[in-house]
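First, one chain by itself in structure tokens, the form predicted alone.
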Amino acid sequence: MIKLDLEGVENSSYLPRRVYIFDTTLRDGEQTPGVSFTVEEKLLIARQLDRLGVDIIEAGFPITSRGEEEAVRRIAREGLEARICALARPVRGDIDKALGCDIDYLHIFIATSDLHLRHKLMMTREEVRGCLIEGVEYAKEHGVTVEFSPEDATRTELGFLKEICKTAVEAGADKVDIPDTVGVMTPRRFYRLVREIKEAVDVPISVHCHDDFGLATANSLAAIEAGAEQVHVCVNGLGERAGNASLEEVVVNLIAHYGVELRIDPKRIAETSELVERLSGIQLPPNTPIVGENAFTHESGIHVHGILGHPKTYEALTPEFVGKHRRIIVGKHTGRHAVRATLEEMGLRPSEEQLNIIVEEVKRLGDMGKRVTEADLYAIAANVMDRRVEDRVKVKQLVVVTGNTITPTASATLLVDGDEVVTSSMGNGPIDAAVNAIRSAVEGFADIKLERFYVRAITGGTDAIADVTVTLRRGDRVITAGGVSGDIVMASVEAILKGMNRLLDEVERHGEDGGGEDPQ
């Protein structure tokens, strides 16, 4: 449990002891524009969500396609601890398709706002009520748990919303979900709405918040303060338009601020986020809370000085709590403490005079708009300290073949510690093939993981100069490196090779001097 040392924080008297996490990454999350998971990818994500500890996995909307139906069925048959849910409208065709997937939890929805009734469903309130009763009763006849969502609830007239929720419960619904379908709520208004529904029905309340106004997490927390026992979330805040409430934000806030009981293992949050980021193709902004690249990264000299003294000075929670690592980077805002700590991690111990020169060079490059990577810092420091730094691996020749009918293949001639090595490999693309060829040639490169790959065009046009920055990991050590070239493949190879060489060199140096003192 993390302790935030907050004064005067009082939890609502309606706060539930236990909150259930209903993850809809595979359903609403997949409705993110441009996102489409294969069946196998859905299985990978479902298994990871189960390891993370979510209570319910909404695996999909089976009526939409054969692939969706297959994915829900296969996930339901995985034997996961999480309950597997499918989405359906209150019509027999949808419900039968979902029941055929062997699920034991059904999420039934129908729109209830006059706006949706008039312009989407072309139905009256009475027709909606009748459809709802028939659908819920039919589902309950098959022995499944039913959660009912009145779509666009937050723009539904309150009297009718209460009435339709009561109708669903009388028909057999086990839970009522209040969706803020277009994210129009504010926390105070949503708190009051949830209280109204809690007093109208005698079943657990769930909430489903969208982030159109940037309030999905805040609204979800307000709903829980009002007594909602379950919250719908998506990993990385995926979802239609601006997305859904972020699993990471909601879960960490529930632990940090409310201390409610959850089944979640927070140390698996980062790995879950990374898996969904990779499979969805939706890259997170670096400043994304909890899981972004910069969430536990520090550059400012004042901040780094504080962090090195005591992490709580500028970190409300430890990065390890969510499965991440702290990073200290160098730039024009960086002070001596950060530069010294970073160099000591690399096995370099400059004198005070040398350190002053290194810091001044870092600031000069920063003022020029250059991002100083760890590989750059290493080279600067080695030069100032007059240490002979020789890359152990160099590219003598590289040939990459790619095309629309062949698998990208790279052939490389490398100099490894002065010896010539010829290697080749295939990959998903020309860059992947080139990196695989280099990795296969050198013992010690195989366990180096490429965590981030960022490319920027310095100039416009098809002949643009490519500026590539990569983040590499080997065990607990993380390093960034960059490369610039008119050829994006060569820029990528240069960046990755620089990083790999620095990691190998540091391992060699740590082996010589025992690894040095821990700067933390």
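Heads up: residue numbers just count along the shown sequence, starting at 1. Because the structure is predicted, anything quoted here is derived from the model rather than measured.
Below, we refer to the form predicted in complex with a small molecule, which is not included among the displayed structures.
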property	result
Site test, R340, Y378 and R477 vs the small molecule in the model of the complex, non-hydrogen atom cutoff 4.5 Å	no
Contact residue in the model of the complex, chosen from T217, Q230, S149, T373 - any heavy atom within 4.5 Å of the small molecule	S149
Listed residue that, although the small molecule is not shown, lies within 4.5 Å of it in the model of the complex (heavy atoms), from P266, P350, P179, P408	P179
Close approach of L87 to the small molecule in the model of the complex, 4.5 Å, heavy atom	yes
F109, heavy atom within 4.5 angstroms of the small molecule in the model of the complex	yes
Partner contact for R27 in the model of the complex: the small molecule, 4.5 angstroms, heavy atom	yes
Contact segment among 249 to 257, 446 to 454, 101 to 109, 270 to 278, judged by heavy atoms lying within 4.5 Å of the small molecule in the model of the complex	101 to 109
